[in-house]
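Okay, so here's just one chain, in structure tokens, the form predicted alone.
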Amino acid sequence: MAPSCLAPAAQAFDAIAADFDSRFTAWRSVEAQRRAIRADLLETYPPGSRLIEIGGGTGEDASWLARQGRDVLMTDSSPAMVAAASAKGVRAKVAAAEQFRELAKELSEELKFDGAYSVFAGLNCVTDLTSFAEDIARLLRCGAPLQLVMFGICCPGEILVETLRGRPQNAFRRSRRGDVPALLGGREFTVRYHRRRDLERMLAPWFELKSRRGVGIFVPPSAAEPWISRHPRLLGALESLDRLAARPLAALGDHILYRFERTRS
């Protein structure tokens, strides 16, 4: 697909695909948040589960889950990200909005998945998730979990870090409604900080919210890098606090892990 045909967010992630792993994977704050998310994925999906990942990037989580005995099909709107994932042996497909609709129609005639997931806010790049909900519902059996890791809308850690760094314009950006400008790899796109009620509305009637957990309540966001990576003992203590606060303080997470369930509708 020609770059000019890609959505702005896909163009941005295309631009950083080659450096994505070296830029983010080594950060200890990202590792800590990823551990929490992966623990929940393993708990939700037993070995042998057939899963589909939305916005899988370079395939780090899909390849890890495959090594844990899960069968994963990864999708992403960025061709460069899919190429990077494929190079790791991940079964991956390019699937922007219209392509995902066609893929859902195609796959729904062949099989039903045991679950679906999207991690690290890939779906915050989508303004309206109604079409996505209808499409992914085609692929999931009744009762199947759908786990979405989205940006939280009130992250004290980000407010603190951005204020201390003299970037007050970023400190409260998550409280803004509507599409919010973002910049990555020199490319402009927008993100939407979805509220819980908005997610429930957009995913109904195909999915029902069952639970949510905060990820990165005390563990700081990536804005605190590389400083926090130089303090592993402090980060370990914050990670322990996160495990205790994941449910009662879910709304304060850098990310929030929502667990929906496929309904009969």
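Everything numeric here is computed off the predicted structure, so don't read it as measured data. All residue numbers are counted from 1 along the displayed sequence.
Below: the form predicted in complex with a small molecule, not depicted.
S.K.: Pick from Leu146, Ala92, Met81, Met150: which residue has any heavy atom within 4.5 angstroms of the small molecule in the model of the complex?
M.R.: Flagged contact: Met81.
S.K.: Find the only residue in Ala171, Val180, Ala96, Leu107 having a heavy atom within 4.5 Å of the small molecule in the model of the complex.
M.R.: Looking at Ala171, Val180, Ala96, Leu107 one by one, just Ala96 meets the 4.5 Å heavy-atom criterion.
S.K.: Is the gap between Cys125 and the small molecule in the model of the complex 4.5 Å or less for some heavy atom pair?
M.R.: Cys125 belongs to the contact set for the small molecule.
S.K.: Does at least one non-hydrogen atom of Phe120 fall within 4.5 angstroms of the small molecule in the model of the complex?
M.R.: Yes, Phe120 lies within 4.5 Å of the small molecule in the model of the complex.
S.K.: Please tell me whether any heavy atom belonging to Arg34 falls inside 4.5 Å of a heavy atom of the small molecule, as the geometry stands in the model of the complex.
M.R.: Heavy-atom contact with the small molecule at 4.5 Å: present for Arg34.
S.K.: Give a yes or no for Ala246: in the model of the complex, does one of its heavy atoms lie within 4.5 Å of a heavy atom belonging to the small molecule?
M.R.: Outside the cut-off, so no.
S.K.: Can you check 108 to 116, 69 to 77, 156 to 164, 138 to 146 and let me know which stretch has heavy atoms within 4.5 Å of the small molecule in the model of the complex?
M.R.: Only one stretch passes the 4.5 Å heavy-atom test: 69 to 77.
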